[in-house]
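We begin with a single chain expressed as structure tokens, specifically the form predicted on its own.
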């Protein structure tokens, strides 16, 4: 039976890797998700074949967890995906913490020289990383869902306190590995939970995509540590895959935000570095009816989606307008900034849901290379990712961040509900440019109105 279980774990690990590989293409992403799910199902089933398990508790957990998952998955809107992902990261971290804690409770003879020091270290690492991931993800969830202010919260000596907390965790962790003292374990649980909170509250809402990616990596690392605790090979492999892919994505997101990984690790980003220069001029509004005449004559159009498109659920109307523009002879592209929305790949998921052809999705650098030849750039609820201050205003907190150069298009239509600032609280100078016209109102209604104009 042990041979069969380990062989099944190897098969499950191969399916995980194949599934991740398939996720790299829009054509195979759905299949890749299914392949990975089959791998996880295989791992769970063969794990339940282990002897000595209490199936009463396992069955109860499966029923309750499945019920919660089904209800939540059916009720959540696409706009709620970022906070849901953050919450799932947190539950993953909590699971690893509980695995380490339960191993401690199961093995009461920690003072014996026969108990492996490495396992004691794995217990501490799973609890430490899991605790930070849990409370840090809860704060990210509260910020993204609007239940807590998305602004950076700082106080004097914050970085020093975080550094002392981390140092205390290292010291107490060393004490536990050496002595297996009960008080040390509980101290680590408390300190890790506090550090997770203090590590995320100083991060502003505009940086949440990086935070989600980083916490996702942390949840994988914690799961891998839990695998070492209970000596489960497939959990070790799966945790490593999640941790490694999360770190790679974090580096990509940091580059897109013009931040270093060190800033993320030490919590020194998110608060504004200074105030932007005042924006002069006024926003010039235009009606959808007038915008139609401009679009009718356009030969090239670029859609630049942001979180506003997700809020309005306008992706289907955007896709329909894009189809009509193509039918009218225009070349249509969709420019995706790496941190558009509030989680990695947010815009890609929305546009894929609307069946936008994958080949029309363009990365930031590809669009910037031809943006000056674009007749109309349509910015749908995006703010920081098209803010020229990132390239022109050295006093701006986002100065140096790579952006989509929408301001260089011949004409820009900016769709907004009102004149307020974006999630980061920064005024966007693009909206005051001579070549920009504002279309106020619900993005879905605006897009639907333009579609009706084209249909005549």
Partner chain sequence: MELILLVFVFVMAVFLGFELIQKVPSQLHTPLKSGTNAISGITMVGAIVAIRTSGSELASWLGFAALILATINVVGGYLVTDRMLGMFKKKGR
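This one's a predicted model, so the numbers in the text were calculated from it and none came from an experiment. Numbering follows the first chain given and starts at 1.
We do not show the form predicted together with the partner chain, though everything after this point is about it.
Enquirer: Using 4.5 Å between non-hydrogen atoms, is residue 260 touching the partner chain in the predicted complex?
Expert: Judged by the heavy-atom cut-off of 4.5 Å, residue 260 is well away from the partner chain in the predicted complex.
Enquirer: Examine residue 226 and determine whether its closest non-hydrogen atom to the partner chain in the predicted complex is within 4.5 angstroms.
Expert: It does: once the partner chain is placed as it appears in the predicted complex, residue 226 has a heavy atom within 4.5 Å of it.
Enquirer: So in the predicted complex, does any heavy atom of residue 143 sit within 4.5 Å of the partner chain?
Expert: Looking in the predicted complex, residue contacts with the partner chain do not include residue 143, since no heavy atom lies within 4.5 Å.
Enquirer: Does the partner chain get within 4.5 angstroms of any non-hydrogen atom of residue 33 in the predicted complex?
Expert: The answer is yes: residue 33 has a heavy atom within 4.5 Å of the partner chain.
Enquirer: Looking at the partner chain in the predicted complex, do all three of 20, 51 and 65 come within 4.5 Å of it through at least one heavy atom?
Expert: Every residue of the spot touches the partner chain in the predicted complex.
Enquirer: Just one of 88, 121, 166, 153 has a heavy atom within 4.5 Å of the partner chain in the predicted complex. Which one?
Expert: Result of the distance check: 88.
Enquirer: Of the residues 190, 171, 105, 297, which one places a heavy atom within 4.5 Å of the partner chain in the predicted complex?
Expert: Only one listed residue qualifies here, and that residue is 105.
Enquirer: Within 4.5 Å, heavy atoms only, one stretch in 284 to 292, 194 to 202, 368 to 376, 318 to 326 touches the partner chain in the predicted complex. Which?
Expert: Checking each option against the 4.5 Å cut-off leaves 318 to 326.
Enquirer: Who in 35 to 62 is close to the partner chain in the predicted complex, meaning a heavy atom within 4.5 Å?
Expert: The stretch 35 to 62, when checked against the partner chain in the predicted complex, contributes 36, 37, 40, 43, 44, 47, 48, 50, 51, 52, 53, 54, 57, 58, 60, 61, 62 at the 4.5 Å heavy-atom cut-off.
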